[in-house]
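Coming up is one lone chain in structure tokens, specifically the form predicted alone.
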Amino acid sequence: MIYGTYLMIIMLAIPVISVVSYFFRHFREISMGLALTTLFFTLLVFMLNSGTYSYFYLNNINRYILICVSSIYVFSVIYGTGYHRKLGESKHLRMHMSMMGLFAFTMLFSVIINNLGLMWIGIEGTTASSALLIIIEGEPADMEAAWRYIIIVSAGLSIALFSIILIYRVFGTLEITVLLSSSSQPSQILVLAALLGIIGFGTKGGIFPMHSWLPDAHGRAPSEISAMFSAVLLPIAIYAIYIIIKTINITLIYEAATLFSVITILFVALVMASQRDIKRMFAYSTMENMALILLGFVLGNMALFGSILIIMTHAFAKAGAFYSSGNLIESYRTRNMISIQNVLGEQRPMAYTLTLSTLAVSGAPPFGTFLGEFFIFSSLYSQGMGIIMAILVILLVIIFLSINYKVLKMVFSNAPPASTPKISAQQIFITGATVAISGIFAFLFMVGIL
């Protein structure tokens, strides 16, 4: 146990140390090296047995989230050094690279800490550490998006804090392992605590109705930060909801969480067709995936397996989608999908990565997201919720057609040849790697290797 505790402490300490890269000339290399080292120790932690390690807790859900966080942290650092090469060695870029390490630390800490109150502090810390990452380019729209992000998410987490206070009042502890093994009689206080927790942490997780910060922040943030937001930050908030609903084991709460999931997917289906900004489109797609993950957590058993599969596939595929989007925005100098045409002819590698990542995140077979959805729908049917299953299938088909139609139109449109700047090999490699890994991880998980 002591060995595992030391591994977890080192895993958390390394991204914090990367903050000092700001003061060194080779800050890019230092940031990449420490990010890779963080991933190495995360892999060692992943191989530990589930259980309590001093102040930390490892189980069969958060171990996969840890791997996703560290992996996307590595890819985003490497991608960012190429994407922001025009900034040279400016203080803005130095601050950006160093703050990415702090952002990764707050996410890793939130996932592995064995205390619900400290988890709340960690998730609140992700807000503070990531807000500055949105405004690296200093545009007014970026500032507005960061401000909305801070205000709305902080308000939501304030609601979550009340939930945690009520849970402590009933159980007398916030230790997650104790909470999950505790039992208490249903009461109005527990119902209120659970509902506040779903709404509060759901704000951070992009669950309707307190989701409005998400398309703004994801749309305006640099692409590597959008990837970290969508791929790994939001699932951490959904994991916090999972802890709360499993602690407060009341049927009404499971029904409420299911309702929030269905309404979120319904909202995405209604707004997806009208999207014009490529990154906002993928931001709304993230809401759909988070709602599905929450639904799988609620249903349990086979659906829980499906949620984990979606978490892994979505993490890498959505990162690849945002990296591809950033590359196209850099190349075409626009976010409007109507103006991004003939990608296959102008930026062939991006045509492949954008198409494959979009298919993966929207649930096309045989990608892991499709398999995860299949397990969730099977659980819905087996638990007597066939009507809900049918409604969700229709909504997901609408979302699938909306997003893939827009992407394929960008890729295969017959626009006149244009002189678009070429994307660096570094950006192309990272984008392709994330898309490839999204399929590899899902396969390894399915065959039982992970």
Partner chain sequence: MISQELLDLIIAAIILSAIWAQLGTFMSHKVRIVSIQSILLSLYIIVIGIWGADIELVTLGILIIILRAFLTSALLNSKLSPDQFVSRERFGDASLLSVVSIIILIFSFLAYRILFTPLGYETIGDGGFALLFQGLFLIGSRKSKFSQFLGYIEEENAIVMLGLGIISMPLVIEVSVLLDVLALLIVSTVIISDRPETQVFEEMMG
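Note that the structure is predicted; figures quoted are calculated from it, not measured. Positions refer to the first chain, counted from 1.
The same protein has a further form, the form predicted together with the partner chain, not shown here; the description that follows concerns it.
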Proximity of Arg333 to the partner chain in the predicted complex, heavy atoms at 4.5 Å: no
Non-hydrogen atom contact Lys246 with the partner chain in the predicted complex at 4.5 angstroms: no
4.5 Å heavy atom contact, Ser184 and the partner chain in the predicted complex: no
4.5 Å heavy atom contact, Glu346 and the partner chain in the predicted complex: no
In the predicted complex, the one of Leu93, Ile250, Leu132, Val262 near the partner chain [non-hydrogen atom within 4.5 angstroms]: Leu132
In the predicted complex, the one of Ala128, Leu270, Ile338, Leu180 near the partner chain [non-hydrogen atom within 4.5 angstroms]: Ala128
Listed range touching the partner chain, judged in the predicted complex by heavy atoms within 4.5 Å, from 119-127, 313-321, 232-240, 286-294: 119-127
Site check Asn115, Arg276 and Arg280: each within 4.5 Å of the partner chain in the predicted complex by heavy atom: yes
Residues in 181-197 close to the partner chain in the predicted complex, defined by a heavy atom within 4.5 Å, in order: Gln188, Ile189, Leu192
